[in-house]
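So this first bit is one chain, no partners, the form predicted alone, shown in structure tokens.
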Amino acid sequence: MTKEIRVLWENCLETIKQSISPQSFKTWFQPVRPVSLNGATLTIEVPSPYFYEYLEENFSGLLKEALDRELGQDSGLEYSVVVDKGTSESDQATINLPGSQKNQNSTGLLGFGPMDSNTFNFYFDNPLNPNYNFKNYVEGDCNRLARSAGLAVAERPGSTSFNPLFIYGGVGLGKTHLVQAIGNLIRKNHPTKSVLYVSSEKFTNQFIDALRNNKVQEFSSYYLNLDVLLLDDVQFIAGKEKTQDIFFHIFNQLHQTGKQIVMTSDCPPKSLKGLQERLLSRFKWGLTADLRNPGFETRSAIIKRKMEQEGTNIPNNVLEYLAYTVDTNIRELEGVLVSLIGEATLNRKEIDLELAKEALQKIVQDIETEVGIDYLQKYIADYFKVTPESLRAKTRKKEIVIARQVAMFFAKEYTNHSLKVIGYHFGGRDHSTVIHAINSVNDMIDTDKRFAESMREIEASLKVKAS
């Protein structure tokens, strides 16, 4: 490098320094080196393709301004991009700015060789859980599309139209199980493919560490050499602009080379806030599949499968009770089952309805609070001088019907159960019966002063209990 080129570049840097923050200057311009000057066109060397794309997208105007000041209005800029192939040597690809790219491979992208297996191992530990597989991922109406698409992707990664595969759903509905099942099956069927499962939080922390340690090149090179990227909880990169920038370029490169991308989120792409529009549009390129709360049949199948795996028998009435009662999410249901099995094993008890209720009270705070359905039935039955069993029976005696309706009314008021679950606890009645009971109680409150006073008295006692 001649003195003329070095002085030229140093003058450009002085101009650039005046327009950006010291941190941005240190991150994006200190690693850059001037290579050659051909007429009014300067060639600079950048350490990675990501550097080139970031400079072009964010600082091309500033670079042009600095070069114009030194070389005149006809100044031009070319990049020499170092692509690490993991060997003792490095190949370089020259890219024009602006204009078409040169020295590209047949796919129109820069070429990337295999990474050194020791590079960045301290960042990437591939934490796939072998217990997450398709065999124990129970299929139901709530997850059929997502499961089928995941299986197709696992069997032919990068070769289906489901790329990217975007899976979304609420907490505890099986997103992580499904995405790791995909990874595990790919590793089993395609052992030569490099598969990485990573949370978006970890991805962000890795990128921050790479920036801090001047290892952005190694970071991006590692990801660009993956065959399958499984990114969990993508919503957590919201608001992190630099993280989104590098993920955008990694996404583009992987997708254009036919590599498989699977992402999960707690909501669909259209509802994600704080993400760049260019990212959101790419998330919609493949298939978006949702996971919903499992229905009664699916919950029953999950309980059966879990108990079979543990070699434990479960009576039908207990299975039905759990499937109806734990209607929030799969994670909570599995937590109750683990607690139930633990209680039965450690205390040498048979699994029965009472033991199941104990397990529920310990695990599911929002479902079985102190004022739970069992308590309500006992309290209301005692208040109306009937038996709790009669509230669950088929009898149509007026005093029992009124007591049953009042108990249903307060079950809706004081628990988080669905109408269907409340009906189940009152002798297997359907949700329409519960709605009728609630409406009847409201009508009696409006038309019968004595009944209204009784309801206020019951409510006062229940509020004391709840507090």
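These figures come from a predicted structure and were not determined experimentally. So that there is no doubt, residue numbering starts at 1 and follows the sequence shown.
FYI, the form predicted together with a small molecule isn't displayed, but the following is about it.
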## Note on the structure
None of Lys306, His249, Lys202, Arg392 but one has a heavy atom within 4.5 Å of the small molecule in the model of the complex; the exception is Lys306
### Message
Just to be sure I understand the contacts: of Phe236, Tyr324, Tyr132, Phe384, which is the one whose heavy atoms reach within 4.5 angstroms of the small molecule in the model of the complex?
### Response
Tyr132
### Task
Among 168-176, 186-194, 249-257, 220-228, mark the stretch whose residues have heavy atoms within 4.5 Å of the small molecule in the model of the complex.
168-176
### Task
Using the partner position in the model of the complex, report whether Arg278 sits within 4.5 Å of the small molecule, counting heavy atoms only.
no
### Task
Verify the contact flag for Tyr137: yes if a non-hydrogen atom of it lies within 4.5 Å of a non-hydrogen atom of the small molecule in the model of the complex, no if not.
yes
### Query
Is Ile302 close enough to the small molecule in the model of the complex to count, meaning some heavy atom within 4.5 Å?
yes
### Query
Is the gap between Ala149 and the small molecule in the model of the complex 4.5 Å or less for some heavy atom pair?
no
